[in-house]
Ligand code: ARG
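The chain below stands alone and is given as structure tokens, in the form predicted alone.
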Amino acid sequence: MFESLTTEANQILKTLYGIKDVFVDFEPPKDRTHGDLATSVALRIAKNVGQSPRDIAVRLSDGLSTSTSIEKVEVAGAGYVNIWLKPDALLSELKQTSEACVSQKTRKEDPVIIEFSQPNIAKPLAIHHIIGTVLGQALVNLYRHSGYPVVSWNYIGDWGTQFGKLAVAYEKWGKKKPVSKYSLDELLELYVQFHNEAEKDDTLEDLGRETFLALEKGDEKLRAFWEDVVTVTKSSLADIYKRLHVSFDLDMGESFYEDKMQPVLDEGKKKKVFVEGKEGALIVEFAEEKNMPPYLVLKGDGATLYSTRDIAQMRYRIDTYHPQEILICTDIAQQLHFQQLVETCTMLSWKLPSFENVLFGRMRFVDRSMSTRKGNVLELEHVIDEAVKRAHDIIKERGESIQTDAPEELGEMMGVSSLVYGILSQNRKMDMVFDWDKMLSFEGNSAPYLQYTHARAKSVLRKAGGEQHTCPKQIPSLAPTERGLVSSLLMFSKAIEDARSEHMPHKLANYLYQLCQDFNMFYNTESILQAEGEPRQLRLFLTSLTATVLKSGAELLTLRVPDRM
């Protein structure tokens, strides 16, 4: 962005101070009255240059004042340089915004693996699953939009002792009907019943472990049971993922690594990374300075664990995909596990790609009745249905103030988007607050506000008789709200890059909210359809570009926006 201006500033500093490696970064000032762009480079280089930041800023300002693209330049505070661009120069940069709305061509390079959602077989998705699910899909969208090859991966929990427990529960308390006829709720009831009964009969836990060990060893009846449970679960999940606009390239779960664990275990023992622990178990012991407890990789009875499969998975992904980066989205409770996993792989002398456990906080509810209790899972499907129902109620309440030819479709769009945006607009590193009223509000940072703003822009364009409008070649001046909207539009590509590189989708959501505010200020202040000549052409162009940016940005966050509302 503003490459020519950056080049000019770099050259001025090089000529004045002989600096070769400084990069002058320009950002829009927080206060729009302080110009279109600002830089604090003088503050950064003052110590190395041996002059005060303000003196450096004054000399940089004097050098930039001769630029053909600058209308005015001022020094502010201890050493900030504020710049006002000429309208033509400012508008010419909007070409970059238009380009940012279109996905870049996929580059021919090693892929980025993004793992997310990670449901457990035989259990419905609970409300907390929505965080990792939509966070992961947003990251997939952002990376692909920026031209990265991506492998999106749903690592399903389809292996482990829980299957032994479920098989025992089915055998003891099942309804004597084929597993393929069970719903996920019925399978969950069996699993919960097992745990309730195990509190009274401690032999059940041992029986569950023994049954899973038999499954691992290839018991045909248990294998058939397991396959039916997997099929039932995947079929149920597919409907929810479709409503959330979530999809995966792969849904290979833990069971895929069944025959890939032993070579890794053998390697770990040979390299003396896996050592014997209590009762014949295999563990990894870390250096004292790592401050991590031992990592259990094999039980004393020979049964594998989640950790065993994750180590095997890391090896498989490296060998098969040679990824440049691996991102795994989980809640903060998994942090220690992945720290231990990465350190184990390092101790095995594996060459790892760039890796990040993309952590997110827990979910808190403003409405305490939504909190979950043992055996009473708040299912994601039910929450989505409730969101859509509430959206339909709002559409009915607002009557003719909402214009739509498809109220059912709009209700689904509003409900689902409100739920998703309510998650992605929050900083993932903090606990997520679930609040129906904020999510479905037509004011403030919410999906309906974004959707309504998009529909408002599209309505203006329909009345103008066309969707696409070009920027006039010459504009002598810009009204304050026009300049504010242009400045906001210019930050779209940066918002995308910040959200992608930092793995923080809320930065894009917050940008879209600011754009909505700036457009509505412009809409309420300037005459658009009644204007004539170049002002009309400019305002329709800004309206058209705003609609395009809102739609593009929303879809990167898995949202959908209506043309009428």
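Nothing here was measured: the structure is a model prediction, and the numbers come from that model. All residue numbers refer to positions in the sequence shown, first residue = 1.
Only in words, not in the display: the form predicted in complex with the named molecule, which the text now covers.
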| item | value |
| --- | --- |
| Among the candidates Tyr306, Phe225, Phe256, Tyr80, the residue which, in the model of the complex, approaches the named molecule to within 4.5 Å (heavy atoms) | Tyr306 |
| Single option in Gln313, Thr453, Ser152, Ser425 placed near the named molecule in the model of the complex, where near means a heavy atom within 4.5 Å | Gln313 |
| Close approach of Leu489 to the named molecule in the model of the complex, 4.5 Å, heavy atom | no |
| Close approach of Gly157 to the named molecule in the model of the complex, 4.5 Å, heavy atom | yes |
| Partner contact for Phe338 in the model of the complex: the named molecule, 4.5 angstroms, heavy atom | yes |
| Distance check, Glu115 to the named molecule in the model of the complex, heavy atom within 4.5 Å | yes |
| Proximity to the named molecule in the model of the complex (heavy atom, within 4.5 Å), stretch among 280-288, 468-476, 170-178, 115-123 | 115-123 |
| Those residues of 314-351 which, in the model of the complex, come within 4.5 Å of the named molecule by heavy atom | Ile328, Thr330, Gln334, His337, Phe338 |
